[in-house]
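Given next, in structure tokens, is a single chain: the form predicted on its own.
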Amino acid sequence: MSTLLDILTTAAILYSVCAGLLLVFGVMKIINFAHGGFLTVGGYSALLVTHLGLHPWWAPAFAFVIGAVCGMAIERLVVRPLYSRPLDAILATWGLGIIIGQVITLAFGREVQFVKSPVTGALDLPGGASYSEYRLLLVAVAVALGLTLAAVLEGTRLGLVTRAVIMNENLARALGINSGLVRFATFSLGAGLASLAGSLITPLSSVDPNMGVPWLVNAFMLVMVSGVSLVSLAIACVVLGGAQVLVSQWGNPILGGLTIVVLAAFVLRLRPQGFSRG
């Protein structure tokens, strides 16, 4: 039971971490390598909430707002001029991730810090074992996040124009859709979701200026095997995240850390479209 819950909660955490990156990739066709920096921004947003003495439940909302505002500024000043140069845009976001880490180091220092968890109890399992209620709560959060994004993309005008840009940006622009505005909104939302995810994962570990880096590579590979589908992303998180848990528990934790990257590369070699249909 504990292993099954580990797989489920790990998949939920990975899904939350990857959702914003998937949106940016789907619409803008670039990998936002500043994603790890935005995760770190979310972690330190949660730390500020702790220092201010506010209830930990304020951390996700605060982190989302801070991340979205940072995303607006970065899209307008850095990413927008590079739309026609995708390789330069990727390099620019990589550099931005480094800059974000350095700015945070100057503001908060290099030391490892901790934030309060909004839920501290444990659920009793059969056999006398127990399991973190907060990790279980993250499953509900990931489900709610996925359903909300699906509802926005499928049931609103914003979702309609976003899907049009994803499918054929030139045709969408010819039909009068402001693709620049869609890109701006998508990048801002992706940054906000990344920051929100950063605030959610900090109670499980710690906060430091490089906390987002270990998540970036796995998020990148999961998005690659998911295409632009939220459903495919969920499948990838369960399958590859579950494999990571099993290798870590039954084998070696170091090898477990490499599992997602290795399996994702193997999947893409055999099936270039990954888990998406096609």
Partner chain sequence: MADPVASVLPSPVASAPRKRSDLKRLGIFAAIALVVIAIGPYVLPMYMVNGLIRAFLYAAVALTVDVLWGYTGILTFGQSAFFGIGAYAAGLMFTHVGFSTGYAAIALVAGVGVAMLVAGLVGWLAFYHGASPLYGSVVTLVLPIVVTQILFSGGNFTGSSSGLSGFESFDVSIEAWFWIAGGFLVALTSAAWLFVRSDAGRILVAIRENEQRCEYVGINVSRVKIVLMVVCAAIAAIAGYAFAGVQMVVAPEYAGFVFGTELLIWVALGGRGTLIGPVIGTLVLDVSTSYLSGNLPFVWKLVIGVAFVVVIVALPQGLTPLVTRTARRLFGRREADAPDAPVTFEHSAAAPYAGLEGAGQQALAVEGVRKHFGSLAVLQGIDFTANRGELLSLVGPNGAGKTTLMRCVADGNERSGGTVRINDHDIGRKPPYTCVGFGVGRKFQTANVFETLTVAEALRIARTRMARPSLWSRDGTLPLPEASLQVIRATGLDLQIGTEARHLSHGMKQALELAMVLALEPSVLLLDEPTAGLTKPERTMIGGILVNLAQKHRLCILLVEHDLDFVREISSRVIVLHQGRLVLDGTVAEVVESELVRTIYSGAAHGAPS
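Residue numbers count along the first chain shown, from 1. Quick caveat, the model's predicted, so the values are computed rather than measured.
The same protein also exists as the form predicted together with the partner chain; that form is not shown, yet it is the one meant from here on.
Q) If you check L137, L82, L153, L145 against the partner chain in the model of the complex, which one has a heavy atom within 4.5 Å? A) That would be L82.
Q: Could you spot which one of L106, A73, L175, M167 gets a heavy atom to within 4.5 Å of the partner chain in the model of the complex?
A: Selected residue: L106.
Q.
Whether L91, I99 and Q102 jointly form a contact site for the partner chain in the model of the complex is the question; each needs a heavy atom within 4.5 Å.
A. Verified in the model of the complex; spot residues all in contact, yes.
Q.
Counting any heavy atom within 4.5 Å as contact, can you tell me which stretch out of 214-222, 230-238, 44-52, 58-66 lines the partner chain in the model of the complex?
A. So the stretch in question is 214-222.
Q. At the 4.5 Å heavy atom threshold, is Y15 in contact with the partner chain in the model of the complex?
A. Answer no; every heavy atom of Y15 is more than 4.5 Å from the partner chain in the model of the complex.
Q: Would you please decide whether G95 lies within 4.5 angstroms of the partner chain in the model of the complex, comparing each non-hydrogen atom pair?
A: Contact with the partner chain, yes.
**Q.** Exercise: V78 in contact with the partner chain in the model of the complex, heavy atom 4.5 Å
**A.** It does: once the partner chain is placed as it appears in the model of the complex, V78 has a heavy atom within 4.5 Å of it.
Q) With the partner left out of view, is A243 within 4.5 angstroms of the partner chain in the model of the complex by any non-hydrogen atom? A) Looking in the model of the complex, residue contacts with the partner chain do not include A243, since no heavy atom lies within 4.5 Å.
Q.
At 4.5 Å, heavy atom to heavy atom, what parts of 23-49 sit next to the partner chain in the model of the complex? List them in sequence order, or say none.
A. Those in contact are F25, K29, I30, I31, F33.
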